[in-house]
Each structure stands twice: as C-alpha cells, then as structure tokens.
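Shown here is one chain on its own, the form predicted on its own, set out as structure tokens.
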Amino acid sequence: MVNLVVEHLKYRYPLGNELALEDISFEVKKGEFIGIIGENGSGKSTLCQAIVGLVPNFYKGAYGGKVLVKEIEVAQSDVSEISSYVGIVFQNPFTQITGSKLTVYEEVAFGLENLGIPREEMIKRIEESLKLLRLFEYRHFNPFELSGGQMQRLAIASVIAMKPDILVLDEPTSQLDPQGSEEVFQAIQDLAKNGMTIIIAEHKIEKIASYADKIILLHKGKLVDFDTPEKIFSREDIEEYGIVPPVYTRICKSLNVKNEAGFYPVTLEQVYYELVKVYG
C-alpha cells in the first residue's frame, strides 16, 4: 500500500531566486525505510518539511505540485491535521524536548495530553513507545540526564506515541557520536519492522547504506535517482553529486566484485556473501 505520493513538487523560499525543490516525484510504500542523501543545499531538509506540511504552510513561498499523505493533499491541509499522520524529528533533540517535564514518562505524555487522549490509552501508548525505543527503564529520569542518543530516542518516542503512519527524520544523528547514532538507527529500523514508514535525511552514508530499503539522491533541488542502496552507490557519477560511497562499495569497486544484478555491495555482510561465492 502506498503511504506517500510526491508529484512534480516545486518550491522556492520567500525572497529566494532559485528553486529549492524542482519537479520532484516519487512514491513510498507502507513500512519502507527511505534515506535521503545529497550534499549541503541539495534540498534534503526542504523535502522533509514539505512532507509534513511546514513547506509551504509555515515557510510560505512559491509552491507547485502535490504531496499526498494517505490521499490527503498536504499543502491544502492544516499542519495540525497532517501531524495526525506524519511526525517529524529534527536534528537537535533540545529543540523538540519541552523542558517543562521532570521525567521521561511525562515528556512522552505531553503531546498526548494536548490531544485529549483518554488516560488508559495514554498509558498504553507511553509504555509501548518507551519500550520500543528501549527507554522504559529510564522512565523516571529527568530528560536532561540522558545521553545524546537517548535524548534523540526520547524525541522519537514522543512523536511515535502520537501514532503517525509516517515518521520523517531530518538528520537526527548529526550531533551524536557513533554509539548514539547506532542506537537511533536501530530504533528506527524497529519502527519500520513494525509497519511504520520511515523517511530520513542523513549525511552518514554508511548508516543509510546499511538500513535503507531505497535512497533518494538529491542535487541542487532535483531528484537524480530513487533506487536501492546498491544501485545508487554503484553509479559511476555518484561522487559528482558530492557523495562518497560506503567503504565496502569502494573496496568492491577496486576489486571489481559485483552481485548478480551487476551492482557493488554496500555492507560487510554483502561483501562476505559475494566473496564466498567467488572463493568458497
């Protein structure tokens, strides 16, 4: 089932001279894990904001095309309505954690209280979210006692407690160390396995290669390609778009090791599989 449809999306910021997004089209199915990559200024964050309705409803500007979430046209709907179906997590958890709650448990409850969710349902959602994000044992901690990775997972837990169909993440690991980044990606993968559609803009190519089902490659606001990690990172011109392929892809390219489809592996597991076939 298709959860998200983007049709010929165009957008220019107020006072901008060039399009931030130019004729973007793609579809995403329920439960897919989609990575968005591209150099700075390629349009990653703008695309994320368009999916949740901040573009153009908040930022205004010139807008064309359509973004459809569950057949609802985002630009023609209130952000509050779209937020029932799409949640967003930003780069810095400090911008998303309210700071007004004393415990992790209360922080996740905050949004549900504002929606007027019944108490029994609220408790169920809070506990489910905290367990899924592996934060239940920290439920009585102050949010600011958590590590960076834990705080970002708390921001995600607060969003998924609202039960969105789609979770959009805009470079959620940019300020995290390797351990924190891995914690966040594992948590996101668990959400995808549970049927949530994941769309994540990210600079950490090795992580995207390991976790994404498909990748959107953007360059100067244009969609260059939308395909599997193996196909995207096997492009001969990939570095022309400011993207350095994963280390395993570079190694396989130097050794000319490809899979049956003719693409270079992108993870250690894939490399091992291909080498075993060749060398036994």
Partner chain sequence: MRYLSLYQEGNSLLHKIDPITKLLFVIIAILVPIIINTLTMALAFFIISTLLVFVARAFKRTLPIISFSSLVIITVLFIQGLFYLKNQTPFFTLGPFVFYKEGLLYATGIAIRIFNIINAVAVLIFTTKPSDLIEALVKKGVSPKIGYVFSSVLQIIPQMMSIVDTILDAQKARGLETEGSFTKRAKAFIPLIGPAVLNSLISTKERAMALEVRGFNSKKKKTFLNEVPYNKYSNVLQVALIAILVFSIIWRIISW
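Numbering follows the first chain given and starts at 1. Treat the numbers as computed from the prediction; the structure is a model and nothing was measured.
Absent from the display: the form predicted together with its partner chain. The rest refers to it.
Whether E81 contacts its partner chain in the model of the complex should be assessed with a 4.5 Å heavy atom distance threshold; does it? The answer is yes: E81 has a heavy atom within 4.5 Å of its partner chain.
Next item on the list: Using a 4.5 Å heavy atom cut-off, state whether L54 contacts its partner chain in the model of the complex.
Entry: Although its partner chain is absent here, L54 would touch it in the model of the complex, with heavy atoms inside 4.5 Å.
Contact with its partner chain in the model of the complex for R119, defined as at least one heavy atom pair within 4.5 Å: yes or no? Residue-level check for R119: yes, a contact with its partner chain.
| message | Since only the chain is shown here, I'm wondering whether E137 would be in contact with its partner chain in the model of the complex (any heavy atom pair within 4.5 Å). | response | It does not: once its partner chain is placed as it appears in the model of the complex, E137 has no heavy atom within 4.5 Å of it.
**Message:** Counting only non-hydrogen atoms and a 4.5 Å threshold, tell me whether I88, G111 and I123 all contact its partner chain in the model of the complex.
**Reply:** Judged in the model of the complex, I88, G111 and I123 all sit within 4.5 Å of its partner chain.
Have a look at 188-196, 68-76, 203-211, 99-107 and name the one stretch with heavy atoms inside 4.5 Å of its partner chain in the model of the complex. Only one stretch qualifies here: 99-107.
Problem - Partner contacts in the model of the complex for 124-146 (non-hydrogen atom within 4.5 angstroms of its partner chain) - result: Sequence-ordered list: I126, N142, F144, E145.
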